[in-house]
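Form predicted on its own, single chain, as structure tokens, below.
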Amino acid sequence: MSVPLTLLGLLDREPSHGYDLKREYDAYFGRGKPLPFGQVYSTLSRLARDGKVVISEVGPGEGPDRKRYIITDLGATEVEQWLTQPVEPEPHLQTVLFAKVVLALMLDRPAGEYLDTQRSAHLQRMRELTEIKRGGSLVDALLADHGLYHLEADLRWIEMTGARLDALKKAVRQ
């Protein structure tokens, strides 16, 4: 997730204060991992330094002065370019899951038990995401679907790898 580009995108909708940007970010993109205030303001400072946002007005607040940020033409151009470029497909050829299985086999540890434990953890997370889908908004449902599809692919890999553990053990212990 690109925090700077996401904040620029939110500013492209309308000028906002840092607090409002954080609230919107957390509502749409920060599910389970809210953006720290410090990161919001340090990112906005860098965007201002780089000429992608400007401060339009400064007003008193219940603490530091409240700054209202506006996206510049340079910032809007960067958002437009980012939105039109495809995300690089990630083949995940080096994953923690794979590394643990191979190392378990190399070290003559119970890789099958590791896969069983991992399968249980994946299934538990899938149940949690399914509950989010049932009770959440459309945004929640779409984010949950994204996670569920990735977990389903991992489960297929876990099953296929479990069926091939003997052959993989021979391949990695040569």
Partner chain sequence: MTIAIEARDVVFSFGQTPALRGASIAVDPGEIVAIMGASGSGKSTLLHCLAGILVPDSGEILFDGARVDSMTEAQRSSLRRDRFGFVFQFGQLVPELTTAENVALPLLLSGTRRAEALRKAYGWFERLGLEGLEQRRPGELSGGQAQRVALARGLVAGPEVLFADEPTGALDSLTGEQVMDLLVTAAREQGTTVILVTHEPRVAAYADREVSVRDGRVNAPDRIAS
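Positions refer to the first chain, counted from 1. Worth saying up front: this structure is predicted, and the values here are computed from it rather than measured.
There is another form of the same protein, the form predicted in complex with its partner chain; it is not shown, and what comes next is about it.
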Q) Quick one: in the predicted complex, does every one of 116, 119 and 127 get a heavy atom within 4.5 Å of its partner chain? A) yes
Q.
Quick check for you: of 103-111, 32-40, 141-149, 46-54, which stretch puts a non-hydrogen atom within 4.5 Å of its partner chain in the predicted complex?
A. 141-149
**Q.** Contact of residue 123 with its partner chain in the predicted complex (heavy atom, 4.5 Å)
**A.** yes
**Q.** residue 133 within 4.5 Å of its partner chain in the predicted complex, heavy atoms
**A.** yes
